[in-house]
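Given next, in C-alpha cells, is a single chain: the form predicted on its own.
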C-alpha cells in the first residue's frame, strides 16, 4: 500500500461534519482550526452548541442546513446509519439538499459493499463519495495525526478532498476503488481483534495454571508473541484493570463482522475470521457494546448463562 502524495493547500472550504462524538469532535475541531468554515450536525443539540462555542462555525439543526457545503464528512457508528442520513427517510435524507459536485467523505467504519451501493446512488445525483476511515484513536484524532485510508472512483474528488484530510491525519494512504478504504479498516481491526483474542486466551490459560498475568505479558512482550495488543492493550489496560482505551467493544465487534462477512461474500475460505467474529460477538453480548473493548476478556472468563 503506497502512501498518497501530498495535496496542495487551498482556500477555506465549506465543510459539513455529521457526528461529533469521541472521534468526530477533535476531527471537526482540527478542520475548524485550519481555517475552514465548519457546520456540525449531531443528535445532541447541546453538544453542537458547545462545539460552536469552543471552535466556531455553526450548528445545523436539520440536514437541509448542510445544503451549502462543498464537502460533507460523516463520522457515524455504522454504514447503515450513514446511508440513512444521506439517502433515507421520507425526505430522502441529505442528498437532495446537496448540489452537484459536492464531495461526501465517509470516515466511519462502514461496510465496503454498502459503500459501493451508496456511491452509485449519490453519483446519480452528481455527488461524489470518498471512503476515508481512520486509525489512531482519540489521542491521535486530537493531535491531527490519524492514519487515513482513502478509497474512491473519482480521482478529482479525492484530490479536492486531500487538503481537508490533511487537517485530520498525517499519513494518507490511497487504497484503491470505492469501498477499499472501508475494507482495509475492517481488515486491520480484524487483525487487532484476532491478536487480542489469542493473547487473552493465553492469559486465561496461564493464569488458571498459576502464572501471574503480569509475568505472561512481560515475557510475551520480550518474545515472539509480541504485538501492539500485548504491548499496549494488555500491558496498560487489561493487566492493570484500567480498561480505558477509549474504543468501544461493540465498534470493534462490528468491524470484525464486516471483515468476516466480506470474506464470505467473496467466497474466501477464512475460518479464523469467522471464529474471531463469533468470539467478539460473545464478548459484546456478555460485557456490553458500550464497554471499552479491552474488557472483552471478562466476557470470555464468564461461565455460560444456564438460566431457562
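Numbering follows the first chain given and starts at 1. What you see is a predicted model, and the numbers here were worked out from it, not measured in a lab.
What comes next is about the form predicted in complex with nicotinamide-adenine-dinucleotide, which is not displayed.
Among the residues 192, 198, 81, 121, the one placing a heavy atom within 4.5 Å of nicotinamide-adenine-dinucleotide in the predicted complex is 81. This chain lacks the partner; the member of 76, 238, 127, 203 within 4.5 angstroms of nicotinamide-adenine-dinucleotide in the predicted complex by a non-hydrogen atom is 76. nicotinamide-adenine-dinucleotide in the predicted complex is not approached by residue 164, whose heavy atoms all lie more than 4.5 angstroms from it. Although the partner is absent from this view, residue 137 contacts nicotinamide-adenine-dinucleotide in the predicted complex, with a non-hydrogen atom inside 4.5 angstroms. Shown alone here, residue 15 lies farther than 4.5 Å from nicotinamide-adenine-dinucleotide in the predicted complex, counting heavy atoms only.
Taking the partner from the other structure, nicotinamide-adenine-dinucleotide in the predicted complex has no heavy atom within 4.5 Å of any heavy atom of residue 299. Looking at 22-30, 64-72, 269-277, 50-58, the stretch with residues near nicotinamide-adenine-dinucleotide in the predicted complex, meaning non-hydrogen atoms within 4.5 angstroms, turns out to be 22-30. Contact annotation for the candidate site: 183, 261 and 284 all lie away from nicotinamide-adenine-dinucleotide in the predicted complex (no heavy atom within 4.5 Å). Along 26-49, residues 41, 42, 43, 44, 47 each place a heavy atom within 4.5 Å of nicotinamide-adenine-dinucleotide in the predicted complex.
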